[in-house]
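Have a look below at one chain only, the form predicted on its own, in structure tokens format.
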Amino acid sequence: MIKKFLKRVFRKSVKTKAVGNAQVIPFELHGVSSDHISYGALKVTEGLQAAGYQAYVVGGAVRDLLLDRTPKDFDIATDATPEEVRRLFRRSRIIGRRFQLVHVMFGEEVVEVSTFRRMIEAEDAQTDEHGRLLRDNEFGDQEQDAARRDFTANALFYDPATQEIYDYHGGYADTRNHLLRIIGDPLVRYREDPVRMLRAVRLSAKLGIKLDAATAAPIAEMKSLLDNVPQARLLDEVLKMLLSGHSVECIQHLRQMNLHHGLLPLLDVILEQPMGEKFIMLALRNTDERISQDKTVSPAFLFAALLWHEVLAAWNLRVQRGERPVGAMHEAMDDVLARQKKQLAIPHRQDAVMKEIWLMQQRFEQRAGQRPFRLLEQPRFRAGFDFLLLRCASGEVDDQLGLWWDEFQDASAERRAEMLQPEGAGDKKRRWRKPRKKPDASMADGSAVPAGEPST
């Protein structure tokens, strides 16, 4: 307690200095040591500065360190061009078409290096009919680079050599006050890039910080601009939300801001159904827990969970019409995925995994004969089983089904034989046969030749 008190008193006595239009916050005030910067990021900044260039750690890494969080990765901003950066680091490559970046590799760590950018003047900018910028940046200086960033908390530049933070928009104070504020006029910035509305919600939920009132106010009336965003960018932002480790909070914030409509069918319909909402929230909490434990998370599994009740509703409708269950399931899956792809460009490579998980759910009901053994041999059995457990936990299916499979998969051969249900115990596979034609009235007497036909 005494140390914290002395630290606060000491920090109050330290003042910032101005360099041009930037406030420079010294280490004694912010307390972020270069020891917290990754090995790769330090090597990149040291290499660029030794070659005579400016180089700073920027964006989310600085923000997270100020919030006492561990950054996921470290990005570098510099006045060196991509070609100049590429020449300095042997294990590097230039990526990107719209605006080139450099990826510098240090073992498993990849450091992304961008050249300072500036926004193009309004009269020269290329926009669509809704005002969304199509070409919004070109090379600039540090101050211009800060101005084109989205939120003040993301516009901080940290110099590992001096351990100073350069702040052009009050981002340091906003971060310390746990406030997320957009740079510039929110109406203009959201029109330039509507995805910033989703990003504001995601960062606010992920970081547990308050959204500035002026930043939040226009979102409800401007949300329709999201309809004009390319599907690939929407998918990228939705995945960031779902895989942020705080997906439950993100979904709740989306609903509060009325931004959920149109992103995923689950957010439009399923969350209004008690069973669907419970299932979805369980899936999201499970995902958040796995991420917090540094376990892998499959986007395909997550999308399968998000779209499951849409598939289930479509399947039930077809079965009620008299369609065969397996065929009805295939048609339901195809229809839901086709409808979803009009709103969100889920990659085709995920489709096969999602379908395997969905199709397995019917097979879990079949616990007689060799069918359980064949199901255990499926490459994605574990994913399908985890999905089944979510259904059990939400009350969609009986818990006993999940307990049966939990025991069966690890049981001895003798125990498995005991657990198998007898054929015809409610889950016997019914074979569809072509209905037999009724005999013609003229053949009712059993004769092989219809009446009125000459016999030979």
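Only a predicted model underlies this, so the values are computations on that prediction, with no experimental measurement involved. A residue's number is simply how far along the shown sequence it sits, counting from 1.
Same protein, other form: the form predicted in complex with adenosine-5'-triphosphate (ATP), not shown, and the subject of what follows.
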### Query
Should the three residues K72, R148 and R199 be counted as contacting adenosine-5'-triphosphate (ATP) in the model of the complex, with contact defined as a heavy atom within 4.5 Å for each?
yes
### Segment that reaches adenosine-5'-triphosphate (ATP) in the model of the complex - one of 83-91, 366-374, 276-284, 150-158, heavy atoms within 4.5 Å
150-158
### Task
Would you please decide whether D193 lies within 4.5 angstroms of adenosine-5'-triphosphate (ATP) in the model of the complex, comparing each non-hydrogen atom pair?
yes
### Message
Would you classify R318 as touching adenosine-5'-triphosphate (ATP) in the model of the complex, given a 4.5 Å non-hydrogen atom cut-off?
### Response
no
### Query
Heavy atom to heavy atom, is K355 within 4.5 Å of adenosine-5'-triphosphate (ATP) in the model of the complex?
no
### Query
Does G60 reach adenosine-5'-triphosphate (ATP) in the model of the complex, with heavy atoms at most 4.5 Å apart?
yes
### Query
Ok, K206, H253, K223, H309: which has a heavy atom sitting within 4.5 Å of adenosine-5'-triphosphate (ATP) in the model of the complex?
K206
### Summary
From R176, K240, H330, R324: within 4.5 Å of adenosine-5'-triphosphate (ATP) in the model of the complex by heavy atoms is K240
### Query
Even though the chain is shown alone, can you say which residues of 84-103 have a heavy atom within 4.5 Å of adenosine-5'-triphosphate (ATP) in the model of the complex?
none
